[in-house]
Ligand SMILES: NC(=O)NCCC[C@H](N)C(=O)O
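This document starts with one chain, in the form predicted on its own, laid out as structure tokens.
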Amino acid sequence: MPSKKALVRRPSPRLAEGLVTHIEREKVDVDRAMEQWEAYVEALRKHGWETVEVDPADDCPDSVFVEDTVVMFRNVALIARPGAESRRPETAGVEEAVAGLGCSVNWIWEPGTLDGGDVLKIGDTVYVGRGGRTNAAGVQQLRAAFEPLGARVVAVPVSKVLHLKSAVTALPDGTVIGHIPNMDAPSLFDRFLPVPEESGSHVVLLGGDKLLMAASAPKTAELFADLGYQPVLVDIGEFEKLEGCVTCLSVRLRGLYS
């Protein structure tokens, strides 16, 4: 049986200082963000996920976006080297957590940079966004780590948004979903469904036909429901002010050995 563990990390008290790249800075309510984070974690638990809380990194404003620190393929954890230097201290606690879960641990080394938010896995295909936070050396090192394990690695240009998964994620049947204005190359995906809202591009597969997604995308939720899926909506508005989405706030570990 696939494992259902999810790494999460509580927001830093300095969350409001987090990086913004492609949007205008807005004031972040840290107390409200904590409430939203707790509701997000509860949604995972309610749908059968065991959450594993990584040690807090209070001095790192962006540390709640734990997905950027590691990429999983089966039982192998590839510790990222974030493209933003200020985020690199975030990886130590995550490395400790995945090692404690029995993962085989590899690393991205200088001069490579890689953010986990740039990696979208669909079966054994691993799409990796080449853009502002992930460089060519990072893509090469990801290939070297995962192709011997059976992965097919496909590089995708990213220039309009922060990460590849800011632009696209995928439904349970492998159909890629995205908001066209945020995409550089929709034609790279064999099956693609455009969505009407930017935040509708982001889903976490909870299992079966259930999709965790942002409450800020009601039209997209209606579209998915019409296709037979069950949207599970969470309010992550404070994190969206920092270019965050539902995928950023956890690392789903589905391939751990039992």
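So that there is no doubt, residue numbering starts at 1 and follows the sequence shown. What you are looking at is a predicted structure, and each value in this text was computed from that prediction instead of being measured.
Beyond what is shown, the protein has a form predicted together with the named molecule; the following relates to that form.
- In the model of the complex, none of the heavy atoms of A80 sits within 4.5 Å of a heavy atom of the named molecule.
- The named molecule in the model of the complex comes within 4.5 Å of a heavy atom belonging to L242.
- In the model of the complex, L114 stays away from the named molecule, with no heavy atom inside 4.5 Å.
- Under a 4.5 angstroms non-hydrogen atom cutoff, the named molecule in the model of the complex lacks I236 among its neighbouring residues.
- Considering the named molecule in the model of the complex, the lone stretch of 217-225, 187-195, 39-47, 61-69 in range is 61-69 [heavy atom distance within 4.5 Å].
- Shown here without the named molecule, the chain has only R133 in 124-138 lying with a heavy atom within 4.5 Å of that partner in the model of the complex.
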